[in-house]
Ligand SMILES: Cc1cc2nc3c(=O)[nH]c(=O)nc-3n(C[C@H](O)[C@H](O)[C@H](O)COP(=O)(O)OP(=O)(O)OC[C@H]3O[C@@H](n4cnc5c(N)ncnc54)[C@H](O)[C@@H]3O)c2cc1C
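Just one chain follows, in the form predicted alone, and it is written as structure tokens.
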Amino acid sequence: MKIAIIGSGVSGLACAARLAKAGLTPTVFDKGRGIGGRMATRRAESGFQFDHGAQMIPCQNESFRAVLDAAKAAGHVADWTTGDGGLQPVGTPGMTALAKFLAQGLDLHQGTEISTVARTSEGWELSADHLLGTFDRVVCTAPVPQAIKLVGHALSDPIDHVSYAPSLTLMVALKRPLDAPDTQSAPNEALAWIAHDSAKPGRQTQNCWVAQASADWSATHLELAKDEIATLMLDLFLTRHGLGAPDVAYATAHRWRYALVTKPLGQAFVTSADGTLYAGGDWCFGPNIEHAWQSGTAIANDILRAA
């Protein structure tokens, strides 16, 4: 059985890893350079490193906990004592480490943006800037707006009621240590979350911080150029901590347009009428990494049951 998976975020990787464990050889396509989706680690000039997407890996699902335990045993995940005294798993030496753990041995094709998914008499034909082939099963784990454009015409149930909140992220490296808690949460302020990224286990760089804007602030400023976003967020960060421009060694911003699922689908996935095309992702259950893993794994299990 030829299986294509669109997206190398946690949903796509979880689906591919489960299928591979069962002896199948899925092909994973993703338009980005790196795997993991929002489990992203930015490595910048002068060796600075930032987890600029998901900050931690909350876990309530026992099956996902077993995955985290295996990743911990392999050195890809460690527990972080956060600024509020809590204990949360994180990827080490960066959040992408868990994605790399899931991706071991998989057939990954990065830098490949799928442009069309078309039904033919032979199966599902995928194209990018060239024809990629025809597949018996296709799994799309893209965010809902992108999934609708690619496969919405073939799904048996609508998914356009799923909604997201955006997130704008500041990455800043300071020239000197900052006397502040390693995590700061202020949901009603412009900067809703601030983390001392260098304080996480396994990090090599010093004085690297990540700040994420609130949903409202992010939505208001979403379409600004990234340099403008960085300037505004840096000013908020420096003012909050009594710092000035001379204290900054590096700063940049990132725009997460589909960051946090605010209204999930409420089921693990949707399919085409004949059950050969799937769409799923964190948007099925919620905004956390485990939600993405649950959806991808459920899709793989459904494919295996029908095989």
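Sequential numbering from 1, following the sequence displayed. Being a predicted model, the structure only gives us computed values, none of them experimental.
This protein has a second form, the form predicted in complex with the named molecule, left out of what is shown; the following refers to that one.
A.B. asks: In the predicted bound form, which of the stretches 218 to 226, 71 to 79, 154 to 162, 108 to 116 has residues with heavy atoms within 4.5 Å of the named molecule?
C.D. replies: Going through the listed ranges, the match is 108 to 116.
A.B. asks: Might Gly36 be said to contact the named molecule in the predicted bound form, defining contact as any heavy atom within 4.5 Å?
C.D. replies: Contact check for Gly36: yes, within 4.5 Å of the named molecule in the predicted bound form.
A.B. asks: In the predicted bound form, does Pro26 have a heavy atom within 4.5 Å of the named molecule?
C.D. replies: Because no heavy atom of Pro26 falls inside 4.5 Å of the named molecule in the predicted bound form, the answer is no.
A.B. asks: Within 4.5 Å, heavy atoms only: does Arg65 come near the named molecule in the predicted bound form?
C.D. replies: Heavy-atom contact with the named molecule at 4.5 Å: absent for Arg65.
A.B. asks: Ile148 near the named molecule in the predicted bound form, any heavy atom under 4.5 Å?
C.D. replies: So Ile148 does not count as contacting the named molecule.
A.B. asks: Since exactly one of Val270, Ala259, Ala251, Leu238 fits, which has a heavy atom within 4.5 Å of the named molecule in the predicted bound form?
C.D. replies: Among Val270, Ala259, Ala251, Leu238, a heavy atom within 4.5 Å of the named molecule in the predicted bound form occurs only for Ala259.
A.B. asks: With the named molecule taken in the predicted bound form, which residues across 257 to 292 come within 4.5 angstroms through any non-hydrogen atom?
C.D. replies: The stretch touches the partner through Ala259, Leu260, Gly281, Asp282, Pro287, Asn288, Ile289, Ala292.
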